[in-house]
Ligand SMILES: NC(=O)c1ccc[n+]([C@@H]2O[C@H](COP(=O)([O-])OP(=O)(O)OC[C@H]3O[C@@H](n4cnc5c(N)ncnc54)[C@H](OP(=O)(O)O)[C@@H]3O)[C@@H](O)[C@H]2O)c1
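Only one chain is included here, represented as structure tokens and corresponding to the form predicted alone.
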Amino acid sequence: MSRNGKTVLVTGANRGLGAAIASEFHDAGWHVIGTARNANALSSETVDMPLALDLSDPASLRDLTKTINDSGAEISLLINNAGFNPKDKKGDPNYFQSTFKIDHFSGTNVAESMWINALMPTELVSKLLPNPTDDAVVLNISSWLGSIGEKDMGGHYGYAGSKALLNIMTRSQWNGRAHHALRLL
């Protein structure tokens, strides 16, 4: 258990922003549950409970939430950081173009971004509802590209669209907050 009695769940805690967030909370005395596609990629120095989560796989999300719910962990803070940027799909050189330029547009590929970056994080919140503390908070990591008012360039249909969807899903959860104990930032 943590020194301060609080537990944070950080998705995508294996690198970049997610690893930094996990480290900061661990140093502050929180119990850190961290996820990555491969749980072995998580640092045992900053993650107390390493778990696998692949947001492209519904079974992975079910397994994760079952493990957390069965453990009895009470989540004080959920940070939905894990995500997908189509430019990182190196195995298919045309994939990024199909999500970035209108003349190469692929609805299927753009939908994959929506699925991973917005719909699955929302489902994660839904499946963790049995275990939040009374003052639990959800923080969904977005991007300026997801802002309709701030996005001033074309393209980025997959990534920008998925972050815009995440923003509206967050807003919808916030507006429905009276139905559950979670607060959203």
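As the structure is a computational prediction, the values presented were derived from the model and not from experiment. In this text, residue numbers run from 1 along the sequence as written.
Beyond the structure shown, there is the form predicted in complex with this ligand, which is absent from this document and is the topic of what follows.
Colleague: Hey, of 48-56, 147-155, 25-33, 65-73, which bit sits against this ligand in the predicted bound form at 4.5 Å between non-hydrogen atoms?
Modeller: Comparing against this ligand in the predicted bound form, the contact stretch is 48-56.
Colleague: Evaluate I168 for contact with this ligand in the predicted bound form, applying a 4.5 angstroms cut-off between non-hydrogen atoms, and reply yes or no.
Modeller: Residue-level check for I168: no, no contact with this ligand.
Colleague: Hey, in the predicted bound form, does F100 get a heavy atom within 4.5 angstroms of this ligand?
Modeller: It does not: once this ligand is placed as it appears in the predicted bound form, F100 has no heavy atom within 4.5 Å of it.
Colleague: Would you check, heavy atoms only and a 4.5 Å threshold, whether L61 touches this ligand in the predicted bound form?
Modeller: L61: no, not in contact with this ligand in the predicted bound form.
Colleague: Against this ligand in the predicted bound form, would I141 count as a contact residue? Criterion: heavy atoms within 4.5 Å.
Modeller: I141: contacts this ligand in the predicted bound form.
Colleague: Taking heavy atoms and a 4.5 Å limit, what residues of 31-48 are near this ligand in the predicted bound form?
Modeller: Contacting residue: only R37.
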